[in-house]
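Encoded as structure tokens, the following chain is the form predicted alone, with no partner shown.
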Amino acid sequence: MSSTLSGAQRTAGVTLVPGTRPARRRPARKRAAGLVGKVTTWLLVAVLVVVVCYPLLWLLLGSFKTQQEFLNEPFWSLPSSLALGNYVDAWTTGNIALYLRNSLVVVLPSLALVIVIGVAAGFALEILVWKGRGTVLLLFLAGIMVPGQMILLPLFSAYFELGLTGTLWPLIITYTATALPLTVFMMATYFRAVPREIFEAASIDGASVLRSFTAVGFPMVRNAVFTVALVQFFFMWNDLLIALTFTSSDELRTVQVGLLNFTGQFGATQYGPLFAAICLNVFPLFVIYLVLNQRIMTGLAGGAVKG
């Protein structure tokens, strides 16, 4: 019987180890279904890449076109040259440098105030024990539900009475006030995930409340701080409504308001310098997002592994 089985195995061209079964081949139908699924997935990924990347490529190529190419050539046509004249016009004649400076002057102090006050408030509302902290947290949550459009007119009247119109202070104050409710709520949520025993041990070792916040609490939620700072930075930088309401002169315009009023001589829109100005606004932010996003994800993964 053994010799017969061995002969049959050799005849079939298959060598089997005694006590084992031949490996089953995957049916052709299942292999075809798997191949179709992979091809469909790659096609969807390719479509998404085109949808995301093509507008950026079109914007970049459009920044090198002349006014005549915009008016007379199809929108998908390539620029005749890669001259930087549009960028020079946007930086000098278009005052994009002034608008970028105003945005930095407004956004950076506002973001610093939001992070410092928001993180401290989240620590106080979630870690410290005091009467009425639940009510205060509900008030911050109520602030999230208030539409920003409702408070613009009262704020404008208040700033006018205080003599702040004609400066950048209304933007700094408004950005800080509108960003604080969400920041406080998010930071309180992150502090809730930190074990309270860590702060109790710090208190036993003689650390004050300020020491516990700066040396224990803040380092443990620094990844959350990066996340909140990134979200609020893009919100403030890309704002148009608030900046359009409280800026009354060209010297006070932020970059978004400046792009809205980006026109050439006699009020005609100069598309080449306009596209160049948009590139100067979009691509640095895109790079900042990529760098900080990778840093945040790496920090979160590292913290999860260390436990």
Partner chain sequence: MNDVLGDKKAIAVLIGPALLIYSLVMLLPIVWSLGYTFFDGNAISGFTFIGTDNLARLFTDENVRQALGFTLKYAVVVTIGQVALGYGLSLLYVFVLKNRSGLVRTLVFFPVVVPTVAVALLFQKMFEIAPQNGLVNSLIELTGGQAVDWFGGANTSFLVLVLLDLWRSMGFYAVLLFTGLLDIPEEVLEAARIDGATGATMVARIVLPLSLPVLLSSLIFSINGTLKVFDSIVALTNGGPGDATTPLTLYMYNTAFRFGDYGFGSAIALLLTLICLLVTVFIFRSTRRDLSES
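Keep in mind it's a predicted model, so treat the numbers as computed, not measured. Residue numbers count along the first chain shown, from 1. We call the rigid core whatever largest set of C-alpha positions still superposes within 1.5 Å between the two forms.
The same protein also exists as the form predicted together with its partner chain; that form is not shown, yet it is the one meant from here on.
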Check whether L35 has any heavy atom within 4.5 Å of a heavy atom of its partner chain in the model of the complex, and answer yes or no.
no
Check S248 for me: does it contact its partner chain in the model of the complex (non-hydrogen atoms, 4.5 angstroms)?
no
Is there a non-hydrogen atom of G85 within 4.5 angstroms of a non-hydrogen atom of its partner chain in the model of the complex?
no
Heavy atoms within 4.5 Å of its partner chain in the model of the complex: does P147 have any?
yes
Three residues, L59, L241 and L285; all within 4.5 Å of its partner chain in the model of the complex via heavy atoms?
yes
Looking at 89-97, 102-110, 219-227, 74-82, which lies within 4.5 angstroms of its partner chain in the model of the complex, counting heavy atoms?
74-82
Would you kindly say which of M186, I115, L125, L168 lies with a heavy atom within 4.5 Å of its partner chain in the model of the complex?
L125
Even though the chain is shown alone, can you say which residues of 143-168 have a heavy atom within 4.5 Å of its partner chain in the model of the complex?
G143, I144, M145, V146, P147, Q149, M150, I151, L152, L153, P154, L155, F156, S157, A158, Y159
Does P74 count as moved between this form and the one not shown, where moved means a C-alpha shift of 2 angstroms or more after fitting the rigid core?
yes
Comparing between this form and the one not shown on the rigid core, is the C-alpha shift at S249 2 Å or larger?
no
